[in-house]
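Just the one chain here, the form predicted on its own, laid out as structure tokens.
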Amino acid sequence: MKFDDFTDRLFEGARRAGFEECEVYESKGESFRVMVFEGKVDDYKVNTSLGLSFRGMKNGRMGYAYTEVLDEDAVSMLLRSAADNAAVIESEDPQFIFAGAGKGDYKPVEAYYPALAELTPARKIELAIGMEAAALRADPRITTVGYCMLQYGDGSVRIRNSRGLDLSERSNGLFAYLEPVAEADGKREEGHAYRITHDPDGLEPEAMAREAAENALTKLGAAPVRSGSYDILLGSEAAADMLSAFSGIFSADAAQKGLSLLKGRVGETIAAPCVTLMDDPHLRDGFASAGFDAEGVPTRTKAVIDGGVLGTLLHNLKTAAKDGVASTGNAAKGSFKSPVGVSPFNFYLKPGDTPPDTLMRRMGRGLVITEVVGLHSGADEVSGDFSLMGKGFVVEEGRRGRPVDQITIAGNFFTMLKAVEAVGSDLRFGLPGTGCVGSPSLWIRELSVAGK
């Protein structure tokens, strides 16, 4: 059954069943993934998905249900399941079905690139094989490529509700990841590089292979440093990973549940003056750009931290009503099966004007941290405390020295925000997930390091 016919029947059935208001959220997607090993296709997957969730307000309670099939039986099932779900909801939180905004409030966002969709499966496989071959050519010490993957995704979302809202959006993107292995003097190290692009020519296999090979080669001979307090230049990738791990503290939902120390602190200074944290759903070529959120509210660009001052938390309609403010357009669904939550879009620390090499010279002595490991277990969002395995380099007399590993960096994220001495110019976004998180390099005064 077509979407419009299905939702017409669902809305009519909902009216007869006593739902005051209702909404459908449809998600469709196609994905292609190829993995290559020793010049041959090692794994190849093509998937399609279709799912629809239904939200309905009945007796002041919001019920949820979902289906992956659009037929008459699904109409009955959704209405019955949502009614049963609403009947057992005990939360007194306000719930909303959004009527929509003015047409001019929805900013057009370019997120779908037809030229990218024209890449054939054969060309994608060719690119993946070329990535692996380029890594093996990069240096004689690169002995193998443990992981070489290319993935294409194409997805769309449509929201329609009983109050007349009807919005749709489509996006696509290409992602590649390469992990070569370097060996020398009995030592073995893995490196990596990745690209996320909307441009069919944006993967740059040769450049990515050189980056991945260098990442592996520069780790050879790494050893720990003595324990102590060090000035740290947190590399852009490591900084983005850390920001991603703590991004939940900026959710109003987390704050209202007592799961963020930022509750009630809007307008306060929480970071160094050089720190500005943006959430930009309209970022050109952003991989989480969107014109509307999961409730159909228009998205907008905002400074979550502006020159060190907390400007806003991220809100959906429910959290905004509880705090007596307007939604920031950050309603999110992890999938069509998920309830409405809160999440950023393109979430990043605004870069400065100083290249990381210049920051290193200014820092003089300390450590460059290029990788942090253990974010899932070693970072506590509620307290802000972290203790993470780190890799990187010694900095001596403003220059990069020997490689470092087997160290642990520890501190507190809230304290670290205030200890940022300077922000680099090298903004980079991390691996894609819910939202897209990025950062430039950060010079941080005195983090605790445990080594030898």
Partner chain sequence: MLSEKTAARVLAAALETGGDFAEIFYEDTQTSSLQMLSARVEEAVAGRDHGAGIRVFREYGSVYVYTNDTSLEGLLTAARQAAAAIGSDRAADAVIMLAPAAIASIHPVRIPPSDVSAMRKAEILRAAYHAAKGYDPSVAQVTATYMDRHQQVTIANSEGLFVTDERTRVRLGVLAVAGDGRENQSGFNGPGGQMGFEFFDSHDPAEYGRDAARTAVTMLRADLCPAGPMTVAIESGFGGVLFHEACGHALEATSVAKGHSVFAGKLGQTIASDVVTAIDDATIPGAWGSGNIDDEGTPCRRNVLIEKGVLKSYLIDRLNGRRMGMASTGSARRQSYAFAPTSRMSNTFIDAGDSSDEDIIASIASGLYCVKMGGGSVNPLTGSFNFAVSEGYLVKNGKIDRPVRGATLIGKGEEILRRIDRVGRCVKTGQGMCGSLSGSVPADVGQPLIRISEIVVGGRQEGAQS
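Note that the coordinates shown come from a computational prediction; the quantities given were computed from them, not determined experimentally. Positions refer to the first chain, counted from 1.
Heads up, the form predicted together with the partner chain isn't pictured, but that's what we're talking about next.
Though the partner is left out of this view, Thr48 does reach within 4.5 Å of the partner chain in the model of the complex, counting heavy atoms only. In the model of the complex, no heavy atom of Lys2 sits within 4.5 Å of the partner chain. Although the partner is absent here, Arg160 sits far enough away that none of its heavy atoms falls within 4.5 Å of the partner chain in the model of the complex. The closest heavy atom approach of Asp426 to the partner chain in the model of the complex falls outside 4.5 Å. Of the candidates Pro273, Pro94, Gly146, Gly221, Gly146 is the one whose heavy atoms come within 4.5 Å of the partner chain in the model of the complex; the others do not. Ala87 is the sole member of Ala87, Ala99, Ala207, Ala117 with a non-hydrogen atom within 4.5 Å of the partner chain in the model of the complex. For the three marked residues, Ser377, Met389 and Lys452, a heavy atom of each sits within 4.5 Å of the partner chain in the model of the complex. Looking at 274-282, 107-115, 300-308, 146-154, the stretch with residues near the partner chain in the model of the complex, meaning non-hydrogen atoms within 4.5 angstroms, turns out to be 146-154. For the stretch 22-48, the set of residues having any non-hydrogen atom within 4.5 angstroms of the partner chain in the model of the complex comprises Phe37, Val41, Asp42, Asp43, Tyr44, Lys45, Val46, Asn47, Thr48, in sequence order.
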